[in-house]
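One chain comes next, on its own, written out as C-alpha coordinates in the form predicted on its own.
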(Lines give C-alpha, C1' and ligand atoms only; values in the text may rest on other atoms or scores of the structure.)
Protein backbone atom coordinates (compact mmCIF):
# COMPACT_ATOMS: atom_id res chain seq x y z
CA UNK A 1 0.00 0.00 0.00
CA UNK A 2 1.33 3.44 -0.91
CA UNK A 3 0.91 6.47 1.33
CA UNK A 4 1.46 10.12 0.35
CA UNK A 5 2.36 12.83 2.88
CA UNK A 6 1.97 16.59 2.52
CA UNK A 7 4.91 17.95 4.50
CA UNK A 8 5.97 21.37 5.78
CA UNK A 9 9.33 22.08 7.36
CA UNK A 10 11.62 24.79 8.62
CA UNK A 11 14.81 24.04 6.70
CA UNK A 12 17.10 26.12 8.92
CA UNK A 13 18.51 23.19 10.86
CA UNK A 14 18.68 20.72 7.96
CA UNK A 15 21.29 20.03 5.29
CA UNK A 16 18.56 19.93 2.67
CA UNK A 17 15.74 17.49 2.00
CA UNK A 18 17.57 14.52 0.47
CA UNK A 19 19.12 11.81 2.62
CA UNK A 20 22.93 11.66 2.59
CA UNK A 21 25.35 8.79 2.97
CA UNK A 22 26.72 10.39 6.11
CA UNK A 23 23.99 9.41 8.54
CA UNK A 24 25.18 12.03 11.04
CA UNK A 25 24.07 14.80 8.65
CA UNK A 26 20.53 15.90 9.48
CA UNK A 27 18.21 15.99 6.46
CA UNK A 28 14.43 16.11 6.21
CA UNK A 29 14.19 12.86 4.29
CA UNK A 30 16.61 11.25 6.72
CA UNK A 31 14.55 12.05 9.83
CA UNK A 32 11.30 11.08 8.08
CA UNK A 33 12.69 7.71 7.04
CA UNK A 34 14.19 7.09 10.47
CA UNK A 35 10.87 7.72 12.23
CA UNK A 36 8.78 5.88 9.62
CA UNK A 37 11.05 2.85 9.84
CA UNK A 38 10.71 2.86 13.62
CA UNK A 39 6.95 3.37 13.44
CA UNK A 40 6.25 0.70 10.81
CA UNK A 41 8.92 -1.73 12.02
CA UNK A 42 10.47 -2.08 8.59
CA UNK A 43 12.98 -0.18 6.45
CA UNK A 44 11.14 2.64 4.72
CA UNK A 45 12.47 4.44 1.64
CA UNK A 46 10.66 7.63 0.64
CA UNK A 47 10.46 9.67 -2.54
CA UNK A 48 10.17 13.46 -2.39
CA UNK A 49 8.74 15.79 -5.00
CA UNK A 50 11.60 18.29 -4.69
CA UNK A 51 15.20 18.07 -3.47
CA UNK A 52 15.38 21.35 -1.56
CA UNK A 53 18.87 22.63 -0.66
CA UNK A 54 20.29 23.20 2.80
CA UNK A 55 18.39 25.97 4.58
CA UNK A 56 15.45 25.97 2.14
CA UNK A 57 11.96 25.57 3.63
CA UNK A 58 8.77 23.88 2.44
CA UNK A 59 5.06 24.29 2.92
CA UNK A 60 3.90 21.85 0.23
CA UNK A 61 6.55 19.14 -0.09
CA UNK A 62 5.06 15.78 -1.10
CA UNK A 63 6.55 12.47 0.03
CA UNK A 64 5.44 8.97 -0.96
CA UNK A 65 6.41 5.53 0.34
CA UNK A 66 5.30 1.89 0.47
CA UNK A 67 3.61 0.96 3.75
CA UNK A 68 2.10 -2.17 5.26
CA UNK A 69 -1.57 -2.68 4.45
CA UNK A 70 -2.48 -2.23 8.11
CA UNK A 71 -0.93 1.28 8.31
CA UNK A 72 -3.56 4.01 8.51
CA UNK A 73 -2.51 7.41 7.09
CA UNK A 74 -4.03 9.42 9.95
CA UNK A 75 -2.24 7.28 12.50
CA UNK A 76 1.05 7.77 10.63
CA UNK A 77 0.44 11.54 10.50
CA UNK A 78 -0.34 11.78 14.22
CA UNK A 79 2.68 9.77 15.32
CA UNK A 80 5.11 11.59 13.02
CA UNK A 81 3.90 14.99 14.21
CA UNK A 82 4.30 13.90 17.83
CA UNK A 83 7.94 13.08 17.12
CA UNK A 84 9.02 15.67 14.55
CA UNK A 85 7.04 18.88 15.10
CA UNK A 86 7.69 21.77 14.96
CA UNK A 87 10.69 21.39 12.62
CA UNK A 88 8.82 18.97 10.37
CA UNK A 89 5.02 18.74 10.22
CA UNK A 90 2.83 16.36 8.22
CA UNK A 91 -0.12 18.47 7.09
CA UNK A 92 -1.99 15.57 5.49
CA UNK A 93 -1.56 11.83 4.90
CA UNK A 94 -3.59 9.76 2.45
CA UNK A 95 -3.60 6.47 0.61
CA UNK A 96 -2.32 6.97 -2.94
CA UNK A 97 -2.62 4.77 -6.00
CA UNK A 98 0.10 2.20 -6.55
CA UNK A 99 1.32 4.12 -9.62
CA UNK A 100 1.68 7.37 -7.67
CA UNK A 101 5.21 8.68 -7.21
CA UNK A 102 5.80 11.98 -5.42
CA UNK A 103 8.55 12.93 -7.86
CA UNK A 104 7.70 11.36 -11.21
CA UNK A 105 3.92 11.90 -11.03
CA UNK A 106 4.40 15.64 -10.44
CA UNK A 107 3.45 17.97 -13.29
CA UNK A 108 4.56 21.30 -11.88
CA UNK A 109 6.29 22.72 -8.83
CA UNK A 110 5.87 26.17 -7.29
CA UNK A 111 8.47 27.96 -5.19
CA UNK A 112 8.23 31.31 -3.46
CA UNK A 113 11.11 33.57 -2.49
CA UNK A 114 10.50 36.24 0.15
CA UNK A 115 12.36 39.51 0.61
CA UNK A 116 11.53 42.54 2.71
CA UNK A 117 12.58 46.15 2.17
CA UNK A 118 13.47 48.01 5.36
CA UNK A 119 16.04 50.36 6.82
CA UNK A 120 16.95 47.84 9.50
CA UNK A 121 16.70 44.09 9.94
CA UNK A 122 13.38 42.80 11.25
CA UNK A 123 14.04 39.89 13.65
CA UNK A 124 10.51 38.57 13.14
CA UNK A 125 10.99 38.20 9.37
CA UNK A 126 14.67 37.38 9.15
CA UNK A 127 14.40 33.60 9.54
CA UNK A 128 12.25 33.14 6.42
CA UNK A 129 12.94 36.22 4.29
CA UNK A 130 15.94 38.20 3.05
CA UNK A 131 16.47 41.82 4.04
CA UNK A 132 17.22 44.47 1.41
CA UNK A 133 17.86 48.01 2.57
CA UNK A 134 16.88 49.75 -0.65
CA UNK A 135 13.54 50.06 -2.45
CA UNK A 136 13.43 47.53 -5.28
CA UNK A 137 12.29 48.45 -8.79
CA UNK A 138 9.69 45.69 -9.06
CA UNK A 139 8.50 46.93 -12.44
CA UNK A 140 11.97 46.36 -13.90
CA UNK A 141 12.18 42.95 -12.23
CA UNK A 142 8.83 41.94 -13.70
CA UNK A 143 9.94 43.07 -17.16
CA UNK A 144 13.22 41.17 -16.86
CA UNK A 145 11.48 37.97 -15.79
CA UNK A 146 9.49 37.85 -19.03
CA UNK A 147 12.60 36.71 -20.92
CA UNK A 148 12.74 33.55 -18.80
CA UNK A 149 9.25 32.25 -19.52
CA UNK A 150 9.03 29.18 -21.75
CA UNK A 151 11.32 26.26 -22.49
CA UNK A 152 15.00 27.20 -22.44
CA UNK A 153 18.42 25.91 -21.56
CA UNK A 154 18.86 27.37 -18.08
CA UNK A 155 22.56 26.47 -17.77
CA UNK A 156 23.33 30.06 -16.71
CA UNK A 157 21.02 29.63 -13.73
CA UNK A 158 21.86 26.04 -12.71
CA UNK A 159 24.60 24.58 -10.60
CA UNK A 160 27.37 23.29 -12.86
CA UNK A 161 27.86 19.56 -13.28
CA UNK A 162 24.22 18.59 -13.86
CA UNK A 163 22.91 16.75 -16.90
CA UNK A 164 20.37 18.46 -19.11
CA UNK A 165 19.56 21.98 -17.94
CA UNK A 166 16.61 22.50 -20.29
CA UNK A 167 13.47 23.33 -18.34
CA UNK A 168 10.01 24.78 -19.00
CA UNK A 169 9.37 27.82 -16.81
CA UNK A 170 5.65 28.53 -16.62
CA UNK A 171 5.51 31.83 -14.75
CA UNK A 172 7.32 34.34 -12.56
CA UNK A 173 5.08 36.66 -10.55
CA UNK A 174 5.50 39.26 -7.82
CA UNK A 175 3.09 39.56 -4.90
CA UNK A 176 3.07 41.98 -1.97
CA UNK A 177 2.21 40.05 1.18
CA UNK A 178 2.23 42.04 4.40
CA UNK A 179 5.77 43.44 4.68
CA UNK A 180 7.26 41.02 2.18
CA UNK A 181 7.73 41.00 -1.56
CA UNK A 182 7.17 37.40 -2.68
CA UNK A 183 8.59 36.18 -5.99
CA UNK A 184 6.63 33.13 -7.12
CA UNK A 185 8.25 30.83 -9.70
CA UNK A 186 6.40 27.93 -11.34
CA UNK A 187 7.97 25.32 -13.63
CA UNK A 188 7.51 21.71 -14.64
CA UNK A 189 10.80 20.98 -12.84
CA UNK A 190 13.90 22.81 -11.67
CA UNK A 191 17.61 22.11 -11.75
CA UNK A 192 19.69 22.65 -8.62
CA UNK A 193 19.86 26.26 -7.37
CA UNK A 194 17.83 27.47 -10.36
CA UNK A 195 15.27 29.49 -8.39
CA UNK A 196 17.85 31.09 -6.11
CA UNK A 197 20.01 32.01 -9.11
CA UNK A 198 17.05 33.54 -10.96
CA UNK A 199 16.06 35.51 -7.85
CA UNK A 200 19.62 36.67 -7.25
CA UNK A 201 19.79 38.02 -10.80
CA UNK A 202 16.36 39.67 -10.58
CA UNK A 203 17.38 41.34 -7.32
CA UNK A 204 20.35 42.89 -9.12
CA UNK A 205 17.88 44.28 -11.65
CA UNK A 206 15.67 45.59 -8.84
CA UNK A 207 18.66 47.30 -7.23
CA UNK A 208 19.70 48.92 -10.50
CA UNK A 209 22.91 46.87 -10.74
CA UNK A 210 22.00 45.48 -14.16
CA UNK A 211 19.48 46.35 -16.85
CA UNK A 212 16.24 44.42 -17.25
CA UNK A 213 17.22 43.71 -20.85
CA UNK A 214 20.37 41.93 -19.66
CA UNK A 215 18.45 38.82 -18.55
CA UNK A 216 17.95 37.56 -22.09
CA UNK A 217 21.70 37.81 -22.73
CA UNK A 218 22.45 35.90 -19.51
CA UNK A 219 20.03 33.16 -20.53
CA UNK A 220 21.52 32.82 -24.01
CA UNK A 221 25.10 32.74 -22.69
CA UNK A 222 24.54 29.36 -20.97
CA UNK A 223 27.38 30.26 -18.61
CA UNK A 224 26.86 30.21 -14.85
CA UNK A 225 29.30 33.09 -14.35
CA UNK A 226 26.99 35.42 -16.31
CA UNK A 227 24.22 35.28 -13.71
CA UNK A 228 24.30 36.76 -10.22
CA UNK A 229 25.33 34.75 -7.16
CA UNK A 230 22.52 32.64 -5.73
CA UNK A 231 20.20 34.38 -3.31
CA UNK A 232 20.39 33.14 0.32
CA UNK A 233 18.61 29.84 0.98
CA UNK A 234 16.47 31.10 3.87
CA UNK A 235 14.19 33.16 1.63
CA UNK A 236 13.08 30.17 -0.46
CA UNK A 237 10.36 27.62 0.15
CA UNK A 238 8.62 24.94 -1.87
CA UNK A 239 4.95 25.87 -1.56
CA UNK A 240 3.16 23.44 -3.82
CA UNK A 241 3.34 20.51 -6.22
CA UNK A 242 0.73 19.91 -8.91
CA UNK A 243 -0.44 16.45 -9.99
CA UNK A 244 -2.95 15.25 -12.54
CA UNK A 245 -5.18 14.32 -9.61
CA UNK A 246 -4.53 16.01 -6.28
CA UNK A 247 -4.07 13.18 -3.74
CA UNK A 248 -4.90 15.46 -0.81
CA UNK A 249 -8.36 16.58 0.24
CA UNK A 250 -7.31 19.74 2.05
CA UNK A 251 -6.65 23.11 0.51
CA UNK A 252 -3.05 24.30 0.48
CA UNK A 253 -3.05 28.05 1.10
CA UNK A 254 0.28 29.72 1.54
CA UNK A 255 0.79 30.60 5.22
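Numbering follows the first chain given and starts at 1. Predicted model only: the values in this text are computed from it and were never measured.
Heads up, the form predicted in complex with another copy of the chain isn't pictured, but that's what we're talking about next.
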* Asked: Is another copy of the chain close enough to 77, 81 and 178 in the model of the complex that each of the three has a heavy atom within 4.5 Å of it?
  -> yes
* Tell me, yes or no, whether residue 122 is in contact with another copy of the chain in the model of the complex, where a contact means a heavy atom of each within 4.5 Å. => yes
* Should residue 9 be counted as a contact of another copy of the chain in the model of the complex, where contact means heavy atoms within 4.5 Å? -> yes
* Does residue 57 reach another copy of the chain in the model of the complex, with heavy atoms at most 4.5 Å apart? -> yes
* Interface membership of residue 151, another copy of the chain in the model of the complex, 4.5 Å heavy atom rule -> no
* Structure fact -> Answer key, another copy of the chain contact in the model of the complex at 4.5 Å (heavy atoms) among 140, 115, 89, 106: the residue is 89
* Asked: Thinking of another copy of the chain in the model of the complex, which stretch from 196-204, 40-48, 58-66, 220-228 has heavy atoms inside 4.5 Å of it?
  -> 58-66
* Go through 184-210 residue by residue and record those having a heavy atom within 4.5 Å of another copy of the chain in the model of the complex; state none if no residue qualifies. => none
